[in-house]
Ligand code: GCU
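First, one chain by itself: the form predicted alone, in structure tokens.
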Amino acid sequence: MHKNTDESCVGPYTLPDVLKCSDGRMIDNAFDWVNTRRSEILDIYRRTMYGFLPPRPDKTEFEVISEKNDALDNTAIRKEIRLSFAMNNGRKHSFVMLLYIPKNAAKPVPVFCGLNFKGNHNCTFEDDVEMTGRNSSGELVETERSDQIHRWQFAETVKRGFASATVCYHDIYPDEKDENSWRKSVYNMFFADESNEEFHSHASAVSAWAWGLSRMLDCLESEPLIDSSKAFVHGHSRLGKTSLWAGANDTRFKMVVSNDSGCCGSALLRRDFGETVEIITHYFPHWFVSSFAGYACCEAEIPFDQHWLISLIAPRYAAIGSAEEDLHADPKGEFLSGAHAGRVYNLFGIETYNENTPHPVNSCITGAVSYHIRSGGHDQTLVDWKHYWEIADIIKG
């Protein structure tokens, strides 16, 4: 499959106008954006790329299954909470959220929400956290502990006055290419009677994961130690795509963090750089509605580009992070996507960076649309977190 990582081979392209409605009318004010164009774009994404989020379940319960008041070397309160969902037809689903809250905070604190790849036990150095993250066969996807603690920085996040919550994404929708894997996901509560073909025409794993992030926020709204009006959703790689889609659908998230999200995340599709629609739909068809694969090798025919997705965050904060060596995710395309989304932020009277703004490696552009690029490869590191904490501090006030 074709893959270009040479900037000199990027040909000319024209981006679709984010402010031009399907009837040809141009949007020139924030009111019309919110009440007309934004919902039109959401619908296009739902039908073309990520599908529709599941509906709300008939019943929801939050159960604290463990609580530790001297967590993270006595700096935090740790809770493990089971989020359980049920339909009146008897179908059920549940997953466990790991939550760290600063100890002895003077008032309710803002919270970072994110999904993890290898289980809650793999995100923390505490060895008594329940093992989570199971595939469609019910087996743990990772039996080792603490391998990805650098991606979470729980101790430093708490030290800076923020809570942090996570759920393993496999427990919401097992990340498997098999066309039947959705039957072990949250979708099975709602569409169990559909055929695989019917299901994949309107739903995707990314939408299930985004739904899970919103259910996490539902739970956090009931936690008195959390200021849920200042909730920040974050994600790395495929989960960066997910955080963008969650933030587009759920405006309760005041900041949306995209870390190395690349193709079908924050990177422009039409640049034909790094991962492409052909590659991503071949290896991960379940991330998208089935019809999206029809755009393989013809990105110019897609009715949108990813600056539209960033635009759906406006006027809230969008934080985009790239890595210099992560050519697969197209760092320049991620930068440009944020720049072109600025036209929508401008409708709200918000100034943002443009495509001519300098962005040297290991620098950060702050603002409602922020961007940083660090040295190194595909990962979420302390350097990335420092950017996200900086923006969160602005929102925290």
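Numbering starts at 1 and runs along the sequence shown. Treat the numbers as computed from the prediction; the structure is a model and nothing was measured.
Only in words, not in the display: the form predicted together with the named molecule, which the text now covers.
Q: The named molecule isn't shown here, but in the model of the complex, which of 126 to 134, 197 to 205, 279 to 287, 176 to 184 has heavy atoms within 4.5 Å of it?
A: It is the stretch 279 to 287.
Q: Among 154, 164 and 234, does every residue place a heavy atom within 4.5 Å of the named molecule in the model of the complex?
A: Not a single residue of the candidate spot has a heavy atom within 4.5 Å of the named molecule in the model of the complex.
Q: Considering non-hydrogen atoms and a 4.5 Å limit, does the named molecule approach residue 117 in the model of the complex?
A: Yes, residue 117 is a contact residue.
Q: Though only this chain appears here, would residue 170 touch the named molecule in the model of the complex if you measure heavy atom gaps against 4.5 Å?
A: Looking in the model of the complex, residue contacts with the named molecule do not include residue 170, since no heavy atom lies within 4.5 Å.
Q: Can you work out whether residue 378 and the named molecule are in contact in the model of the complex, taking contact to mean some heavy atom pair no more than 4.5 Å apart?
A: Yes, contact at 4.5 Å.
Q: Whether residue 275 contacts the named molecule in the model of the complex should be assessed with a 4.5 Å heavy atom distance threshold; does it?
A: Yes, contact at 4.5 Å.
Q: Let me know the one among 307, 271, 238, 121 whose heavy atoms come within 4.5 Å of the named molecule in the model of the complex, would you?
A: The residue from 307, 271, 238, 121 that makes the contact is 238.
Q: Since exactly one of 332, 343, 359, 328 fits, which has a heavy atom within 4.5 Å of the named molecule in the model of the complex?
A: Flagged contact: 328.
Q: Given a 4.5 Å distance limit between heavy atoms, list every residue of 61 to 83 close to the named molecule in the model of the complex, or none if there are none.
A: The stretch 61 to 83, when checked against the named molecule in the model of the complex, contributes no residue at the 4.5 Å heavy-atom cut-off.
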